[in-house]
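This document starts with one chain, in the form predicted on its own, laid out as structure tokens.
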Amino acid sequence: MEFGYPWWLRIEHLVNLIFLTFLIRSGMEILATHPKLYWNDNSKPGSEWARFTRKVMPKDKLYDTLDEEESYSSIISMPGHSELGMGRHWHFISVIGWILAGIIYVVLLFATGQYHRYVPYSWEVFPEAWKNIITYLSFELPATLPGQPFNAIQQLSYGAVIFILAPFQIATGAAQSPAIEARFPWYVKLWGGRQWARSLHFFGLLAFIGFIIIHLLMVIVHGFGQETSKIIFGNQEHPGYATGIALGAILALVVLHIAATKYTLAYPRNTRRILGAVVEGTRKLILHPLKSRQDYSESEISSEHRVNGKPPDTDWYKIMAAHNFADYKLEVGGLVERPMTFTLEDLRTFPTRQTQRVMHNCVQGWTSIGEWTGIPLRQIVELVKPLPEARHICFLTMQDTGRDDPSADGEGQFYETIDLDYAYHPQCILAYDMNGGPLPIKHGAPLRLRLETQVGFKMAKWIERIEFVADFRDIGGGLGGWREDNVYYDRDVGI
């Protein structure tokens, strides 16, 4: 069969370009929040194999990973300027669109037989591809394969991008999901670990950028007008018109990126609402049901666990800490039949005590493995007996960001909410011990949440009160948590 340029292939080409460019820029935004890459899941400072920052962290005072963030320009990242929440929304909406477009594309390739344009008929294509490379280096254009629109090296390159590189990026991206890592630890280990997957995903990003650059160069070398005429009109008979349309399309794409960036930075709440409706709905459908089954060995525990968030800086908290939190009281109330108050000793003497060795996934990208001990949250739920209208659990903490962490983008009492059904997940606990000893202050003492299918910021530290609520929209800024309200993170963060 002859392999031309059917209408659906031409449309897919444009759609893919739009999603791919947004994926690249938003991916750079995500990288900026922890601009270091590792070959180990401990993410120990100094063990990175690559760093994209000039910052040097102090050795004489406590710092957290928010201090390590970089602010990349909007020219290279989406939307730029340390807006991880917005970058995540754009990345995941682009992922959804890109995957759906890719599925349609592959189905149509095989349904119409057009897949042969990317899949070689014989092994002879490989030596032929090498000859093509030599020809290009000789500043000449190689001939196309018989009956094909491409030469051998083009066929192999396009086929590799569609059938190898794209699935590779999807697979390594999935391996960075705490929900998938928690439910299928073996899958992440197939890639060498969470940080291996993150590093490999970065190499995939570079491969896509390299492909786009070389692809555009080849279009110019082979004749910009003729090549763009093929992808616009399906033939090369209108090079003049095609050149004008192609340049106009490139300009329109640039304008689209500029407009999306400016709108996102000017109206982050609206952007979160619009994109989040699709992103969070999809994530809730696919990732929310997954339950953690992690059980790392004692030898895999990280020697050092990074810090995210600064502890309460008040005299009463410091006095309570000095007395090993003997005066600590956890209040549990809201929409419950039996409001209750627990001391730390009460919690430590609960009949069921649970220990789990799991991987901590920070929203910024770093990880570490730790052992946490506490009580299953479901026990608290069963004791206080939520009313039928209770649908969410709100964790109010002793941290005030304006007082305790002035560098944070916002102020006020830190809080987080989770859906009530998360309390029944097998590895959802209120932890009071870490790595065989009392929970350190910098990691949330005296009590913190552990919910292993979510990223770290959802696991509220320094918990003071727990409330069962019908709707989180009346709490704080109404988006379900302090980071959601102030830096527009997603609320359900299984990836």
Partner chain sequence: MIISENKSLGEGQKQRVLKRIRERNFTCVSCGSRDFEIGAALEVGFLFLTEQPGTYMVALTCKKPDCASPRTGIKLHKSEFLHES
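Everything numeric in this text was worked out from a predicted model, so none of it was measured. Residue numbers count along the first chain shown, from 1.
Just so it is clear, the following notes concern the form predicted in complex with its partner chain, a form of the same protein that is not shown.
Just give me the single entry in Met340, Leu265, Ala326, Met218 that has a non-hydrogen atom within 4.5 angstroms of its partner chain in the predicted complex. Among Met340, Leu265, Ala326, Met218, a heavy atom within 4.5 Å of its partner chain in the predicted complex occurs only for Ala326.
Counting non-hydrogen atoms within 4.5 angstroms of its partner chain in the predicted complex, say which of Lys55, Lys44, Lys442, Arg51 makes the cut. None of the other options qualify; the answer is Lys442.
Check Ile286 for me: does it contact its partner chain in the predicted complex (non-hydrogen atoms, 4.5 angstroms)? Output for Ile286 is no: heavy atoms all beyond 4.5 Å of its partner chain.
Is there a non-hydrogen atom of Pro426 within 4.5 angstroms of a non-hydrogen atom of its partner chain in the predicted complex? Pro426: no contact with its partner chain in the predicted complex.
With the partner left out here, check for me: in the predicted complex, does some heavy atom of Phe92 sit within 4.5 Å of its partner chain? Residue-level check for Phe92: no, no contact with its partner chain.
Answer yes if any heavy atom of Pro406 is within 4.5 Å of a heavy atom of its partner chain in the predicted complex; otherwise answer no. Judged by the heavy-atom cut-off of 4.5 Å, Pro406 is in contact with its partner chain in the predicted complex.
Could you tell me which stretch in 463-471, 58-66, 28-36, 448-456 has residues with non-hydrogen atoms within 4.5 Å of its partner chain in the predicted complex? Stretch 58-66 is the one.
Could you pull out the residues of 301-334 that have any heavy atom within 4.5 Å of its partner chain in the predicted complex? Residues within 4.5 Å: Lys310, Pro311, Pro312, Asp313, Asp315, Tyr317, Lys318, Ile319, Ala321, Ala322, His323, Asn324, Phe325, Ala326, Asp327.
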